[in-house]
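Encoded as structure tokens, the following chain is the form predicted on its own, with no partner shown.
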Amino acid sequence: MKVTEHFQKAKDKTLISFEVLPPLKGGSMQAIFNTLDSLMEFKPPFIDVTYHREEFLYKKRSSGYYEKTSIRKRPGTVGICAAIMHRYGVDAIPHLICGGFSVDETENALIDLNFLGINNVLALRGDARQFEDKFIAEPEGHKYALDLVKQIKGMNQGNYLDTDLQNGVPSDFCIGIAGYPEKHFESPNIQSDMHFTKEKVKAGADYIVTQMFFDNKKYFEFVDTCRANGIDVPIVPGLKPLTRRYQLNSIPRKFFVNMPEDLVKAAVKANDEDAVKEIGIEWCIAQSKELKAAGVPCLHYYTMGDTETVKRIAEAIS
């Protein structure tokens, strides 16, 4: 079932969904099952599975020279999605990124997903590689998420890259995109960010999932701005609790979001890391309750491997 169909079926009830990371290369699928087994009681209609582009390592050889090697630290997104759907009977949403893919590889990935009966995708540009100061597209790959959305929408209309292909069967993907309540860090301002969000919706995006935020006012303002700009698709708030004191600095640096002053003060004054975690959990519970009362279509939690914390939050609002 498509994500948008889940929202329609819920009839204004706020759903709960989760995002999981593939295990590191060499890890077991059991790690994913261990995470999700304890979260299935909340009846998530869908589970997101992230995708991670290749990174480059420089390995020193016996000759003394360094060899540039490409590796994927967290492979297996497509297989994990298939396993989740088989084990739990819920929809799985693979993240599809521009980074590391040519347009041909993107099309082949979409064909594989279509064959597996996976009809939801989250279309993202993806991050720059570690130690690169800006995103660099793959040769013959997409530079922007907008172009990725257009390719997926094209396949939904039966358009494949091979122009000689006759009677290509249309896919039927529901397309999600990312939204940034505090703007994407590369955008000069929120107006520019909103322009490209609107372009992605016009190109075929069906819903938006936001970057994490810690001030609900930012989410509500983002929704209002989207509506004022004619963007009428569902907008799902993405949430992650603060769990460690160092995240007061690392989260803003990595995800380019602001921490509310009350949350910062409380975490700084906390006696130890356990106290910081409790503060973060209570803050996220309060966020979740306010968003649920406002009638958001879904509360989407970034688990980041911390199942216990996310479960406590979900229990508090169920």
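What you are looking at is a predicted structure, and each value in this text was computed from that prediction instead of being measured. Sequential numbering from 1, following the sequence displayed.
Although not depicted, the form predicted in complex with a small molecule is the subject of the following passage.
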Complete contact of His95, Leu122 and Asp127 with the small molecule in the predicted bound form (any heavy atom, 4.5 Å): yes
Ok, Tyr88, Phe196, Phe220, Tyr160: which has a heavy atom sitting within 4.5 Å of the small molecule in the predicted bound form? Phe196
Of the residues Thr225, Ser187, Ser102, Asn108, which one places a heavy atom within 4.5 Å of the small molecule in the predicted bound form? Ser187
Residue-level question: is Ser288 within 4.5 Å of the small molecule in the predicted bound form, judged on heavy atoms? no
I'd like to know whether Tyr302 contacts the small molecule in the predicted bound form, with contact meaning heavy atoms within 4.5 angstroms. yes
Examine Phe173 and determine whether its closest non-hydrogen atom to the small molecule in the predicted bound form is within 4.5 angstroms. no
Classify Thr35 as contacting or not contacting the small molecule in the predicted bound form by the rule of any non-hydrogen atom within 4.5 angstroms, answering yes or no. no
Based on heavy atom distances of 4.5 Å or less, which listed stretch (227 to 235, 196 to 204, 162 to 170, 240 to 248) is in contact with the small molecule in the predicted bound form? 196 to 204
